[in-house]
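Before any questions on how it binds or moves, here is one chain, the form predicted on its own, in structure tokens.
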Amino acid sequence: MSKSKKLIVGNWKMNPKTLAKAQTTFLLISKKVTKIASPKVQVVICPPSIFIPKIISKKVLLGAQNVFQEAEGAYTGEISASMLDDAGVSFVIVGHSERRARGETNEIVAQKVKAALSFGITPILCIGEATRDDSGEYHAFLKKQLTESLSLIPKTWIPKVVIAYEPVWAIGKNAIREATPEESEEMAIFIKKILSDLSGDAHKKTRILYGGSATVNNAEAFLSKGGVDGLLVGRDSLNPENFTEIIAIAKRV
């Protein structure tokens, strides 16, 4: 996929409560996306995995919120990349801060990145610091997170991975404050430098998303000034009006 195409990803997390509500929400988004369809914007929805086989659209791609690193076996409750591929999934979120908070390591994330790519699924690799110190130590933390999470794939595969920067300190009810587009741009430049060190010019094809409480209210600022190629949207992706407005913003920015 061309880097020039903006990527807007909706992460529904563990919402909504019922399949009926998921289908209704997805249908509304799909209809609105069809009306404002643009070759400049690619749209992905990541619903809970149990809903994936029951929702489909020609204009909206399906993503998953997680994948297991092994291909098959005695892993109760897990879902493999081959299963996601068979269900029509094109993207998968890996290394989300909420999963890292429950013990997911860079080593595990690296295995998931490799597993997804092995089945032609695009990993959306999430990285981000929990705190931002004045001395800049968070740069070393992010570099370690990114390099270790990409350590199991060939350098030539790196452009196939989407990187989502999500500053944990700016997310959710415990957020210290909102991140700024200037901070997003700073980190996008830093991420590109790391990717350049890892893969040379290949990094120029890698798309970077901003994912720290991206909403309809800040979408234009991050897309125009944040140095990113798209957004990973949480809460507002469950609101068809807000989510499609974000897509419309991406179309015109």
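One rule holds for the numbers: they count along the sequence shown, beginning at 1. None of the values given here were measured: they were computed from a predicted structure.
The form predicted in complex with a small molecule exists for this protein as well; it is not shown, and the discussion that follows is about that form.
- Annotated contact segment (heavy atom within 4.5 Å of the small molecule in the predicted bound form): 205-213, selected among 183-191, 41-49, 205-213, 221-229.
- Screening M83, I121, V162, I171 for any heavy atom within 4.5 Å of the small molecule in the predicted bound form leaves a single hit, I171.
- When contacts are judged by a 4.5 Å heavy atom cut-off, K112 does not count as touching the small molecule in the predicted bound form.
- In the predicted bound form, the small molecule stays beyond 4.5 Å of every heavy atom belonging to K21.
- In the predicted bound form, the small molecule sits within 4.5 Å of a heavy atom belonging to E98.
- In the predicted bound form, P240 stays away from the small molecule, with no heavy atom inside 4.5 Å.
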